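Taking the form predicted alone, here's one chain by itself in structure tokens.
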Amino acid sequence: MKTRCSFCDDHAIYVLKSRKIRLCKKHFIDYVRTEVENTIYRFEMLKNVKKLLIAVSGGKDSVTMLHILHQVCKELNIEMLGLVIDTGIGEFSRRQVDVAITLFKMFKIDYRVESFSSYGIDILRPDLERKVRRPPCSICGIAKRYIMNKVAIEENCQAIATGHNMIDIAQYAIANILTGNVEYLRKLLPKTEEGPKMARRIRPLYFIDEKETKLYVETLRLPYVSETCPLAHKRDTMQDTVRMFVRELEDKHPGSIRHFVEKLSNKIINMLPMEEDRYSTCKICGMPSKGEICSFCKIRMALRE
């Protein structure tokens, strides 16, 4: 016997257990879009934004974000610029770039392709971790954030949209609480404001589960990269353990992670001591830095030695 949608007679494809409702294809797509749009307007993510840089990796999250933001920006008359970063991880990265470009062309969005190699970074270099004294995933994250901000500044984009979902946010928050890096929690708000040579960061999927983005792209038959990064399989970090815990907690207690992320954004972070981030200018590249030399330039210097 088929399960019926809570709002019509069509077959339900998704059960939103936290709200005890069943959704057909149409109502599921409407639900995800409404949740994302409500997050955008609630946190004024696009206020005073004339041009938005949207970072697309080709994965289910960024593809979902692109699909929804394309319509929102069209309604608000906001120009969009796509960005895909080739991290140089063989066929996996080539697939990411191909999918992103296909989507940019589908939605008639101008785009840029940036590559780690053009900055002298080979993420597969055998001595990478020894040279930089950081794991590859950390290096990749620093490089991506630097490139996104650099492109945003060069292209006069007031904000950068990334596809971090609810599970991502909870994972980062809990991991940093466990390690005592509570000051990092301020960076996990749905929106971080811009500064000199620093574009605003927005996370439209802040309250969306990764399971929902997967079903979204598959229901709409949007192209996406389903594989995980090959380098991720070589890790066994605390972050990975925390993510498994977050996933299991949400599966066993639906709505618990949504509740945590909600409290994180409107209560927990506000309880932290107000400490203004003080940035100077990197003496090598001229971009914002908390020291004389930014983390990205330190990585490049280490690799040249």
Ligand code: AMP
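All residue numbers are counted from 1 along the displayed sequence. All figures in this text were calculated on a predicted structure; none of them were measured in a lab.
Omitted here: the form predicted together with the named molecule. The next part is about that form.
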property	result
Sole residue of Lys211, Lys144, Lys131, Arg95 within 4.5 Å of the named molecule in the predicted complex, by heavy atom	Lys144
Residue (of Cys157, Leu215, Val225, Ile85) lying close to the named molecule in the predicted complex, criterion heavy atoms within 4.5 Å	Ile85
Candidate spot Met65, Gly163 and Tyr172, all three touching the named molecule in the predicted complex (heavy atom, 4.5 Å)	yes
Heavy atom of Leu264 within 4.5 Å of the named molecule in the predicted complex	no
Proximity of Met80 to the named molecule in the predicted complex, heavy atoms at 4.5 Å	no
Close approach of Met148 to the named molecule in the predicted complex, 4.5 Å, heavy atom	yes
4.5 Å heavy atom contact, Thr39 to the named molecule in the predicted complex	no
Region of this chain that lies against the named molecule in the predicted complex, out of 192 to 200, 163 to 171, 178 to 186, 215 to 223 [heavy atom, 4.5 Å]	163 to 171
